[in-house]
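The chain that follows stands alone, in the form predicted alone, written as structure tokens.
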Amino acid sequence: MLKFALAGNPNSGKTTLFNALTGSTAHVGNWPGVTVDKREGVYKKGSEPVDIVDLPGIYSLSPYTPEEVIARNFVLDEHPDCIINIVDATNLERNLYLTTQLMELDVPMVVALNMTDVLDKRGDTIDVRALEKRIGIPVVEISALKETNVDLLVERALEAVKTARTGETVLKDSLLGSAIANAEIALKLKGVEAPLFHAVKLVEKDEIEVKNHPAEAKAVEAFIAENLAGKRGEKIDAEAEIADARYKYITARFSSTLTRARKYSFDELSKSDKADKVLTNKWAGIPIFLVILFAIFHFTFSENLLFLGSIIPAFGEWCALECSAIKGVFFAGGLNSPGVILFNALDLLTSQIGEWLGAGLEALGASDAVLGLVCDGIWGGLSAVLSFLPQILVLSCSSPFWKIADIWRA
């Protein structure tokens, strides 16, 4: 079975795309030895099933965090048949930084230009054909949230797999381009897989690469000191130089494919920024968090919803009087919260089923031991477990409280 890896920045819609592709086939675990989610599923809508692996969200392939180490090791050691790079179209330049790193691998690749629906809503446009031509990799416009073009994306990936791909770098004309080229040749002679990617990391003085290839690392350092440092008259910070070269290339070659409907001033705040100024304010943030937390637990466990029974004494007295039999599901000292209503309704149902079971077994002449085993043991235990479901359900459905910021931003 073919294996496709989903790689992209955090919040680029990567997991949403994964869910759209895999649906009910998805399963979640942890990467071996690391408490980082591992999502894997199967895409079954194409001409052949495809194993989809959702890599952790990362900004680069430099091994500074567990997520970056996992993503890097997977694409290098597990040899996926294709990398689907999810790019947030609303943050094109920032997202393409990772793209320029993935391009250096000898792996077929497709760029999924996500959130194009948000871009359209703003009135901004991206010349996808020009971007695809300049980047040299298939680019597909998608909306993972609306599942637009996700099947087309997989089709383009299946086409890309048919042709072997050799890594390319946007750094060949940069100050360190010659050092990267020399390191690549040395690593090729050594039989290293994906030599270009490793060469770039070697020039960056990546700890893993320096440890794995100490002789080549010394040769690269000597080459830079003798042939390139003189051009600057100072010691070169290779990692910063490469990062700067990537962004300059992205700005010069790819940014022009984005056309904005209007110009944004530097100090102009977006709706998201305005919401963040309030919700993450050092004074207001914690009180707002506590209010949201209280609201969630109130709607889950309160027997006096919105304190109506206390605010309106006559209503509270009426609720107390009506709190009997089936009406007790809805009323106590006031109107019950959704969580309490569900709990009481389920308790009433399980109790009634228990009584029916007992009556049925007695009618069949069952012994006391059998009655105890079935009614008190099996059904009693199952009912105890089921009693937790209402609260869990309401807590899960209370997630919109946590998305107030997102609603505000919309």
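Note that residue numbering begins at 1 and tracks the sequence as displayed. Not measured: the values here are computed from a predicted model.
The same protein also has a form predicted in complex with guanosine-5'-diphosphate, omitted here; what follows describes it.
This chain appears without its partner; in the predicted bound form, the one residue of A295, V118, I312, A219 with a heavy atom within 4.5 Å of guanosine-5'-diphosphate is V118. Stretch 110-118 is the contacting one of 300-308, 110-118, 167-175, 203-211, since its residues have non-hydrogen atoms within 4.5 Å of guanosine-5'-diphosphate in the predicted bound form.
Residue contact check for S143: one or more of its heavy atoms lie within 4.5 Å of guanosine-5'-diphosphate in the predicted bound form. In the predicted bound form, guanosine-5'-diphosphate lies farther than 4.5 Å from every heavy atom of G23. Using a 4.5 angstroms threshold between heavy atoms, P390 stays clear of guanosine-5'-diphosphate in the predicted bound form. S396 falls outside the set of residues with a heavy atom inside 4.5 Å of guanosine-5'-diphosphate in the predicted bound form. Although guanosine-5'-diphosphate is not shown here, in the predicted bound form the stretch 2-24 places heavy atoms of N9, P10, N11, S12, G13, K14, T15, T16 within 4.5 Å of it, in sequence order.
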